[in-house]
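Form predicted alone, single chain, as structure tokens, below.
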Amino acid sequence: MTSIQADIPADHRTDGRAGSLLEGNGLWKAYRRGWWPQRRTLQVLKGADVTLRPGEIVGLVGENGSGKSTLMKTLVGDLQPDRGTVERTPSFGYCPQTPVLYERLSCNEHLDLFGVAYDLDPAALSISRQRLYDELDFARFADTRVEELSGGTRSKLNLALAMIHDPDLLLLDEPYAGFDWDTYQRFWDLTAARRSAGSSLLIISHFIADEERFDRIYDLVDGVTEQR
């Protein structure tokens, strides 16, 4: 796979020829700060590679400030790499580390809004919404505005929005931050079910306590991914 320059879009869509749902190859990303002549360059990614095949849960681990979220945003398409390529299935969901929610909308209104964005018909949306309410146990907050939700329930809604359209690929950045123990267990039941159905998940964490739950784990060290 050849590298691309910064002015070429990064989110080329995979056609499934290699059997992968996501391939990030040779990804470089730097942030440039300040003004000339004191402008500085912070090189975050230095040739990182990530591959996800159907039906697997993959972890991405690194210290705080190692570039995990930068790599995730590059894979999603929020950031364009300076060099490298990204290919992914068009059927994907993204759960950012910090929930991006509308304070004055309820959980139901959020799910309705995202259902329209994903072009779900009302019947499919209703089924998916109820399933996620049950799986994550927050149906009692369906008509509650975000401004009245706890941090843990906001995290549940954030995850549900990434999953409402039942995508083939899920990209999750610290998805269980703020979860209590019961919800943490529910999360792993939910992800195991998705894997069994053939979906794949990339999960970012600054540490992994349950390594046996993952099929593979990448460590991000000095801007490069190393598979355990």
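Since we're looking at a predicted model, the values are computed, not measured. When you see a residue number, it is the position in the sequence shown, counting from 1.
Just so it is clear, the following notes concern the form predicted together with a small molecule, a form of the same protein that is not shown.
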Proximity to the small molecule in the predicted complex (heavy atom, within 4.5 Å), stretch among 191-199, 158-166, 47-55, 66-74: 66-74
According to a 4.5 angstroms non-hydrogen atom cut-off, is Y31 in contact with the small molecule in the predicted complex? yes
S126 within 4.5 Å of the small molecule in the predicted complex, heavy atoms: no
Examine Q97 and determine whether its closest non-hydrogen atom to the small molecule in the predicted complex is within 4.5 angstroms. yes
